[in-house]
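A lone chain, given as structure tokens: the form predicted on its own.
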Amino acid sequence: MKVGIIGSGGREHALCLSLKKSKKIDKIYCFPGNAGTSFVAENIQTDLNNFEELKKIIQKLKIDIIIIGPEKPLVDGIVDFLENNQIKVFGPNKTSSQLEGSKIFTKNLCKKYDIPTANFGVFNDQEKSLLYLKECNYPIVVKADGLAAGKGVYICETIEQSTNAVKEIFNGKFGEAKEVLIEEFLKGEEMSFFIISDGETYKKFGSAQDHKRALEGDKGKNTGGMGAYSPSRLEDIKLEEKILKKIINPTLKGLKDLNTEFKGFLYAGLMIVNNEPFLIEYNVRMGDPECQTILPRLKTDFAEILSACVNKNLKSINIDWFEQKSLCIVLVSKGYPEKFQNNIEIEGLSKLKLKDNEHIFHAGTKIIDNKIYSNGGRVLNFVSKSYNLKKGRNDLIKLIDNLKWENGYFRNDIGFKIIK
């Protein structure tokens, strides 16, 4: 079987390596991939916005299944386009992708189907937004509608902070903004909960805890993710039942009522308040870096799962997991998530000695003249699978220290709530 993966981050490198383990896979292509994927797949440079060109390449290479990694192509309707050209795709269609593409679409779905979420207001006018802020109890959350690469969320302690957030959003910091979402701040603990679906059947696909803030102690600016561990420390059967009953099932029903189905990974970003789940947001693909943390724990052949999904036969598959826990530390460029330098050489990667339970997934990297250079804010993901998260984390920190990449920084405290 030939498989194509669209994307260029750590998530896509992790997808590549999981598929590489399968005897069912003959060849993997990455569009466009990164330095890491080039060692396990064939990278193909193409414009991901040019669906017609992408289709021609896929047909020419006779790729059996295409996996969509990032959110933008999904929201732009790549699945509908490829399926209309008889190409099998793993990922949700354009309508279902609105769960991530529009926070307001999701909030309205929550309201209609009684899905627990924070109280909210939607405003299409800057002045009305600013008036509403004066009536709010703080802290509050201000969100840009649409895709913002994990950064369009402001947690505001004061009216000054929230006013600045609204102005930045309407002034186009995250692209054209027609509406802004203002919601109450829920105090609890976050949890990332995943399912995989073929459009008719779904199965649980693990949980994780992501660390979005740039600085230790979960402080500083929001990033795309500084690290994660899996499973979440909150995971238990009773909570899982509540999540499925109160959040996942009514969401899938809401999509069916819109005459559509959900196929692919659905990632529910939750806030757990007094052991009750509230939906913060949906992602319609594997999270990053949660994907890099979850996939190493997967025991079942990943290619078999994907094949079952695109052929609407997921019910025939049992998904099994290794007992070990996993932890991911993201090495980022200095200055991230604000201004940072690209094209800084990363020497010594090939000299690092990895144990069987350790992985390095490339994110923002590229190869020039057989040398590896940085090519983004989040550069490398160091992952350990072990029975002892503290030892695993310490071993990863030693690896990063041994790399001696002076242009990077990372958080030493990933998993601090679970590691004593």
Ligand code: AMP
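A quick note: this is a predicted structure, and the numbers were derived from the prediction, not measured. We number the residues from 1 along the sequence you see.
What comes next is about the form predicted together with the ligand, which does not appear here.
Scanning 235, 276, 80, 281 against the ligand in the model of the complex with a 4.5 Å heavy atom cut-off leaves one residue, 281. Proximity to the ligand in the model of the complex, defined as a heavy atom within 4.5 Å, holds among 243, 271, 110, 305 only for 271. In the model of the complex, the ligand sits within 4.5 Å of a heavy atom belonging to residue 184.
In the model of the complex, residue 141 approaches the ligand with a heavy atom inside 4.5 Å. Interface membership of residue 85, defined by any non-hydrogen atom within 4.5 Å of the ligand in the model of the complex, is ruled out. The closest heavy atom approach of residue 297 to the ligand in the model of the complex falls outside 4.5 Å. Remark: of stretches 312 to 320, 186 to 194, 162 to 170, 325 to 333, the one touching the ligand in the model of the complex is 186 to 194 (heavy atom within 4.5 Å). At a distance of at most 4.5 angstroms from the ligand in the model of the complex, none of the three residues 3, 13 and 72 contributes a non-hydrogen atom. For the partner-free chain shown, just 222 of 218 to 245 comes within 4.5 angstroms of the ligand in the model of the complex, judged by any non-hydrogen atom.
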